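Here you get one chain, nothing else, as structure tokens; it is the form predicted on its own.
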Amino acid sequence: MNFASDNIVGASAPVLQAIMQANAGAMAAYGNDEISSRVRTRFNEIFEREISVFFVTTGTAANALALSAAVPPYGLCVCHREAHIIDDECGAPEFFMHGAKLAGLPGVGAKLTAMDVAAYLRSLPKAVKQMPPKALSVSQVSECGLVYGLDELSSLGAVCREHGLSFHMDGARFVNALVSLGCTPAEMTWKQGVDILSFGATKNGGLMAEAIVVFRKDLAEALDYRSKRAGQIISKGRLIGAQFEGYFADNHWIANARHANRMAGRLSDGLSQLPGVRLAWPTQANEVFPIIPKSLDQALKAAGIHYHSWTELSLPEAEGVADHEVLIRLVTSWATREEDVNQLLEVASSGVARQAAE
């Protein structure tokens, strides 16, 4: 059983079928095909306005290129200190921003508050010795599995407008947050002030399909050229577009995310009822972060269950991990089976019971 991430499973059947259908015959190259054109129109419909969409193959490429459009080489991008862009992308955003820096701020659950961001921006000296802030980036879902509410996004958007920052959203798990909030894509993005979005599909059933969604025309102007220089304008672009066509058809993307979130909720509910187990943060999407006894950690691993230990950096102030405990992350996906969740819970329950009897 593998709960290490939601990118460990393959692509879903509708996505693969769409690729196979697109594979036949000849079509224009470099994303100038009719499939990609249809998908761009579909993105417009989903976000309820005309937008610019750039297809890329990885989330790292989406984030790095999106931020390169928003931040000049002398600028600063504010993010959480545990954000994926600062911790997990090997400096790619800074590389593509040509020397601009990422400034990581603290926040419970890997989330930023408008108050903290505003205070940090006000603290920066207004002199050429200091790189000026040019963008704010938030992860939706956060690295601790939390979802920004619409009011939180609106407040952050207002801070960005007040201070002249572009507002970027890393949406690797965009749709998991979307179904958690029960809102529309427009309500979770540009209506709250988001200017540019890294839209992820790979973690939710795609094979290799990410997109940069741009709501401000000035940020889109150079992205064709930046994408080409980054090797992200794919010659057989129709096979990227086809993935999104299969992904969106019959609300397949929504159904996948609902399933992943439901499996996480089931897992979270079961674990939190076990003696000696508690959740570091609420389960709001498809990630579960329990603090468990080390003995249970050993029992889970002995049963062949795969997952990652997690950092304590963004725990609530009153929370901590004792010497006999460990904080772990369990991730569910569109392909997670209910029987796998049940089996993990059975192993966990047996492990807790065995420890109590010793």
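All figures in this text were calculated on a predicted structure; none of them were measured in a lab. Numbering starts at 1 and follows the sequence shown.
The form predicted together with another copy of the chain exists for this protein as well; it is not shown, and the discussion that follows is about that form.
In plain terms, the part of the chain that comes close to another copy of the chain in the predicted complex, with a heavy atom within 4.5 Å, is 96 to 104 out of 96 to 104, 245 to 253, 164 to 172, 269 to 277.
Among heavy atoms of S36, none comes within 4.5 Å of another copy of the chain in the predicted complex. The closest heavy atom approach of L207 to another copy of the chain in the predicted complex falls within 4.5 Å. Although the partner is absent here, G265 sits far enough away that none of its heavy atoms falls within 4.5 Å of another copy of the chain in the predicted complex. A residue is said to contact a partner when one of its heavy atoms sits within 4.5 Å of a partner heavy atom; A11 meets this definition for another copy of the chain in the predicted complex. Exactly one listed residue, out of L219, M131, A158, L181, brings a non-hydrogen atom to within 4.5 Å of another copy of the chain in the predicted complex: M131. M27 is the sole member of A303, I46, V326, M27 with a non-hydrogen atom within 4.5 Å of another copy of the chain in the predicted complex.
Annotation for 209 to 244: interface residues with another copy of the chain in the predicted complex are A222, D224, Y225, R226, K228, R229, A230, G231, Q232, I233, I234, S235, K236, R238, L239 [heavy atom within 4.5 Å].
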